[in-house]
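Look below for two forms of one protein chain, each set out as structure tokens: first structure 1, then structure 2.
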Structure 1
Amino acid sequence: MITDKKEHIMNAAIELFAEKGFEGSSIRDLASRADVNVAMVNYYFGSKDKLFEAIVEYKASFMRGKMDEIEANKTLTEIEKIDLIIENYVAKILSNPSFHRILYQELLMGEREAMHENIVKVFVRNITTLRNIIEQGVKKKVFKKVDPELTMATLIGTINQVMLSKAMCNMLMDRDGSFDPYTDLVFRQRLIKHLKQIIHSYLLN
């Protein structure tokens, strides 16, 4: 169970890691940012690595709950389920670009093996849900026989490219530096539409 104090510490950690990086942030820095004592941070998390793992699990649990809910909905077709997953992923990732960049930086570096494995396990659970939906669509002959795992990689990879750098994103979109693509609802819908077009073309017979 996530208490208000525990959630407060995790949110403070996301802000701190975004500013100073994971390596550049200490438990003492975090305690100061969250306005709590070091003992409280250690009580809830035990270490900085465990704190990061708890943040990832907490953030992913919302998306996992959404995906499970979508998968279980009997009123939706398989392609409607995929569309909802795309909408939810784009909304979730673009709403917190700082955390997303921290997460993928950690995955790319892979310096902390145990933490890296735990992050991957969280992603695998979400991929399993998408695979189930795709396999059901294939069974009904509405989807082509595709690689479910790499379908997820295509989806997330496109979003990652957008999230990699705001400056690069603006350059690709031919916008100036004052434009913030992550808070712009028109851009969000543009990204969702693009992803749906790609996945529909790839999946549908």
Structure 2
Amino acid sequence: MITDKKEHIMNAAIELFAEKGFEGSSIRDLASRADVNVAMVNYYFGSKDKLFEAIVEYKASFMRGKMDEIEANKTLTEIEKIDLIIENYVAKILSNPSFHRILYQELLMGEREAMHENIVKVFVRNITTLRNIIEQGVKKKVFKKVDPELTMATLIGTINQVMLSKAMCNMLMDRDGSFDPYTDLVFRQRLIKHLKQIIHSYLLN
């Protein structure tokens, strides 16, 4: 069961890990940020590693998003599904930037193998869903014959690139450091528009 206290610690941990990385964050630092005693982390979660696992499980549904309902919706055309996935994916990541960073830190290291595989699995499932939609569109000849796996890499990769570094993002956009592109609605629309345009011009005849 997830109590208020556990949730409180997990949320503090997400922010801390996103900033300093898992290995770079100490339990003492976490405890001080969350304003709890150092022993509380091990009391509630057992260990630092298990805290990480708890966070991933806690946010697991977030990772999948609305992929299932979009895929299952029979009133939508393939390109409409793609557009919805773009909107959903952008919104999901931009509104959970810290957790997103943690996931990619883990992918980039992959020390804890079991955890690594867990995360990869969810990603692969998302990618497979999109691949199915693309392949269906290709079959119906509304899409050009494309490389579905790398198309998915383009979609996700573009968003990730933007999420990599707020500093880089702001430099590119000619904004000063105080600007937060992730919460800015104009920037979100700009990202969605770009993704739709590039994916449309690539997929559609």
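We call the rigid core the largest set of C-alpha positions that still match within 1.5 Å between the two forms. The shown structure was predicted, so the numbers you read here are calculated from the model rather than taken from an experiment. Counting starts at 1 with the first residue of structure 1 and goes up one by one along its sequence.
Taken from the form predicted together with the DNA is structure 2; the remaining one is not. Superposition on the rigid core between structure 1 and structure 2 places the CA atom of residue 59 2 Å or more away from its counterpart. The rigid-core alignment places the CA of residue 162 less than 2 Å apart between structure 1 and structure 2.
Treated as two rigid parts, the chain shows its smaller part rotated by 25° relative to the larger one between structure 1 and structure 2, based on C-alpha superpositions. The two forms line up on their rigid core, and residue 18 then has its Cα shifted by 2.8 Å between structure 1 and structure 2.
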